[in-house]
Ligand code: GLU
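A single chain, nothing else alongside it, follows as structure tokens in the form predicted alone.
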């Protein structure tokens, strides 16, 4: 019995779709659960649509997402001669034939069928005159597989027993006139050569499977097991599209989603661990996941649920864990991890995405003399003739406090407020505006300690100097 081996085989015609990313995750976890392996194969034989930069982006997105593989990436474009050889082999054995019908002739057949209200199928006229001999001359032709009638049955790990009738299948093309293989030929040849024992792919490939089983048999190969994954739908219950949200893993990376959060989210699109857990690590999932437990029904992609989940991962992560993912969202002048660690530690529990976090950090990284004040907060908290005097008293108190920590700075502020006979809020709110430019922030004494004594006093002095100035001057 062959060892279990799965494969993820994307076509490089665009970015890694979230549906493809989920397929890769499901393949990986099933292989890991059962002690098998996974191969990465780039199916780039569609010369009109395949692009090398898309192949590179797919590999990069998989690596970012945390999907590893044991073999590959293998490029089908490196195996073109082999596909031609296998197609010719079927011709010589009478399992396939050369079709010389022109596009115009096939279109005429199609038009005639439609005009009579029938579904068009290739007439098979070249099949009748086909001989198992090499092509002669330069006349363009394709190679078609000779479909013989009979039942096609297989057991799907997700859908159960599936039945097809070969009489409903056309003599499909294996090799195009330009010498490039169709999807059907290249996939089956590769799955045989690479000892694939289980094919897990999207439900949209279900109609291809009977053709592939016929090809496996024609090549005297044992068909693998199959698992067809349900579609991913958008919030409108239609197939996920850009109209209902981002569709590629790269787009979510650019939005500031952590790879572990996206992995976790995609894992739960159609599968559940059997308990109420929603957050789980890759290592935990490896011990639980099995394709036979995937739901048959389509899964709905809920962007809000993803944002919630990402927020949970943001809360649990340390600044050091966030740093490599956060850096792309920060300016080159933002500073080092050592410099920014206190700010990240203070802010990361308040953000749902890395982009949010980078935006929230800006007031704390801005030069002290360029901080802008929120107009509504300034109008609310800088009222009264005594604001400047109160802030001067607070400045003096903070300048002499020792040590400059959360407990001591809070005690100093409350001590000034009590001595002046006013509520502490009369000092806290203007101080928040001075230090952050905002009307809301983390606890203001945490902010002061993160900024440090010098920057706190500098920002407070700048606010004091602007109080009472005309709006245009401030």
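All values reported here derive from a predicted model rather than from experimental measurement. Numbering follows the first chain given and starts at 1.
Just so it is clear, the following notes concern the form predicted in complex with the named molecule, a form of the same protein that is not shown.
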Okay, which stretch from 90-98, 201-209, 139-147, 311-319 lines the named molecule in the predicted complex, with non-hydrogen atoms inside 4.5 Å? 201-209
Which residue among 294, 344, 187, 351 has a heavy atom within 4.5 angstroms of the named molecule in the predicted complex? 187
Under a 4.5 angstroms heavy atom criterion, identify the one residue in 183, 75, 216, 404 near the named molecule in the predicted complex. 183
Could you confirm whether residue 10 comes within 4.5 Å of the named molecule in the predicted complex, counting heavy atoms only? yes
